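There is one chain below, alone, in structure tokens, taken in the form predicted alone.
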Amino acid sequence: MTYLRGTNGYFIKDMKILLLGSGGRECAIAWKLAQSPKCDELFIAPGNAGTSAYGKNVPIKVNEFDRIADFCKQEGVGMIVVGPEDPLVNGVADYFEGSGIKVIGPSKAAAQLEGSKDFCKQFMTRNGIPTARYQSFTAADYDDACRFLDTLKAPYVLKADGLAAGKGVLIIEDLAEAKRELKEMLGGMFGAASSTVVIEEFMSGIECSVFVLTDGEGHYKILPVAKDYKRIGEGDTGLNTGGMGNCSPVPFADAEFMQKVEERIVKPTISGLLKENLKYKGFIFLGLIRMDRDIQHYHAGDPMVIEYNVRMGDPETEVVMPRIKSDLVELLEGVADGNLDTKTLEEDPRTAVTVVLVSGGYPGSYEKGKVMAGLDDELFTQGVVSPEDNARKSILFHAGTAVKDGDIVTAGGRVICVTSYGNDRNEALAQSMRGAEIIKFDGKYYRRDIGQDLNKF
């Protein structure tokens, strides 16, 4: 057993951590966890070609709970950090309750905040959290749903109630088309996920992502705010994707805005979880919009909630983790032990910008297995390095990558993220652009305008 000295005295370095997931989000979390002197050994299941630089990849899928349990027992894992939403909605935290293993993630009941949009909207309504007017409908209620659509103004927002791999939301300008698409959704467009459809009033404004870490005892920390860019084309044009880039901080999320967010959204969310006995130890993703016009009794400039996610966002994590200066493992111990209020969250004052390199054809059909080059360039950090080295170089967070015949190859639509620091957005973006140009693979595409719309602020 090894004793190390930390900021709060001596501690035992014996924490073995298992991180579930295989995307860019998990690569960024692995990068941060591996920097902690409290992390004795890090495993990632299943991981990707990049996560192996920070720990050991394990060929176990995120929903194979029995295999995960056997592995944890075999290796003496003390903490499981859950990256994606699927295992949370499927009850991974409940599965390990009472096992002695600390799980960072909400219970199955609490995970319905993301697993069911109807549940999410009802939770917000019960707890007075600002969100758009809505109603939920099944196929038997189609005529009522059409009458509700008639009361709304274009555009019309249709959301599949369940998880639909990020594809279950339609925003439609024409009323007749909205009614046709509604019938298709209720008829199985998104499988069981759209057996119930939430129709809501359109909210107009600019979006941002706010992340909260909570310990289930009423304590919380608000993490660095980020702004995501979903559209495939520059100028926010074209099809929606899983995310083409991100930046943090966000200039319009100033002190006044964030005070409203904390008082009107964060605190009621945390108290609502406690009041409704929803066990929640982990990350809460608040998808927010700053309104640009009055709606209901809310005013332009006010924050409103678009949705909850019950985990970190992707690729938001790729800029949020670099802006956390504190020891992530220490924060997560506070989450698990219910004493997050005794921990310190320190933010890096610099800007971080990540640019996502995607496969040609994404978000439509695309080919995999393209050999990648340039990843070992001197511009990029390699493995676990000091914060000072990170300040001078760009960080690569692998998303859809794999190793084949000794080469790193593409294995997904979103392939790899280039994240850089800067004194401002333009400096950080320019650095990430240099990295994006260095990396080579057939069909590579990326946006060059991440964060540029924020210059007006």
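Given the structure is predicted, the values throughout are model-derived calculations rather than measurements. Note that residue numbering follows the sequence shown and begins at 1.
In what follows, reference is made to the form predicted together with ligand AMP, a form of this protein that is not presented.
Though ligand AMP is absent from this view, in the predicted complex it lies within 4.5 Å of a heavy atom of just one residue from 96, 202, 380, 298, which is 202. Residue 169 is the only one of 77, 169, 175, 232 with a heavy atom lying within 4.5 Å of ligand AMP in the predicted complex. Note that among 340-348, 305-313, 275-283, 251-259, the stretch whose heavy atoms approach ligand AMP to within 4.5 Å in the predicted complex is 305-313. When contacts are judged by a 4.5 Å heavy atom cut-off, residue 149 does not count as touching ligand AMP in the predicted complex. Using a 4.5 Å cutoff between non-hydrogen atoms, residue 157 counts as a contact of ligand AMP in the predicted complex. Taking the partner from the other structure, ligand AMP in the predicted complex has a heavy atom within 4.5 Å of a heavy atom of residue 207.
Using a 4.5 angstroms limit between non-hydrogen atoms, residue 89 is distant from ligand AMP in the predicted complex. The partner is not shown here, but in the predicted complex the stretch 119-138 reaches within 4.5 angstroms of ligand AMP through a heavy atom at 132 alone.
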